[in-house]
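Presented as structure tokens, the chain that follows is alone, the form predicted on its own.
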């Protein structure tokens, strides 16, 4: 998308609308009420009281999806330049490519009709149905420029090896690098730093899982993206050397705090990765103009929905409250 010539002052109305909607974000007290609910059904009743669902019979996954759709609709209506969100929503384009590729390869292998797909995601830069049609027809040139090579390479891997995990990590790496490039084009320091944090924490997660599973350096070279604040080759070498070597390496980087969470558990590390991004968004609370409050609101809503998913999943599996509290992410509100 082409970036319009807009100034921070052009966002004054948009920021006012977002500030008004921030009042509706779940608070720490609301989250605690969900955590303290006696069981899964009680947690659903809390969500009903908050207006998230209309009854216990509602499809909760649809209700949570609707929360994000409403947040995006608000942003799309008020933002003078929606293209500054490209670096965030391009993730959904790559998700849609993944979904279509898996449908294509599975259908070809089993001789099935390609049929429809209900797992496409929006908002996205390219129309989800057009992405689906392009991939299912193997017409990769019909995809946006940022996705053509990624989709074709992933298809070749899937067709040759049927290794879905390898195709996924290839596409994830493409997505993260594309996000970084799009962020750089905005020339906004807040956005560039945010994209860098998203990519660096993604690399930390990948390296951690790879070290636990004993993955080799070739796997890591394929999976890791080009975050500037975390040397890619050094990280790959450390993770290939095992968990102790990885933790020692991370401890000496700007993300050294992550080392302690690596020692604790994968859940603790995942939470830390999300929390460090939320911490970056906090500065937007004190900004009255520009795009930052809009980005912060959208990601705050995303974090809010993730927290509700975590709590409901834990309630469904009868996890104790103290375990749930350990897994709940930092809030923006």
Partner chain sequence: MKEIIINNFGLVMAVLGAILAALMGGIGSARGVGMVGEAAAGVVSEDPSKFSKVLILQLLPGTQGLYGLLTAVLLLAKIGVLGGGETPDIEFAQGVMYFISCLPMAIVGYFSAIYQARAAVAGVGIVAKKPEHSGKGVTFAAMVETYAILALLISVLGFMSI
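Residue numbers count along the first chain shown, from 1. Nothing here was measured: the structure is a model prediction, and the numbers come from that model.
From this point on, the text means the form predicted in complex with the partner chain, which you will not see here.
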property	result
Single option in 288, 265, 28, 279 placed near the partner chain in the predicted complex, where near means a heavy atom within 4.5 Å	288
Heavy atom of residue 8 within 4.5 Å of the partner chain in the predicted complex	yes
Exercise: residue 19 in contact with the partner chain in the predicted complex, heavy atom 4.5 Å	yes
4.5 Å heavy atom contact, residue 23 to the partner chain in the predicted complex	yes
In the predicted complex, residue 12 touching the partner chain (heavy atom, 4.5 Å)	yes
Interface segment, criterion being heavy atoms within 4.5 Å of the partner chain in the predicted complex, picked from 46 to 54, 288 to 296, 29 to 37, 267 to 275	288 to 296
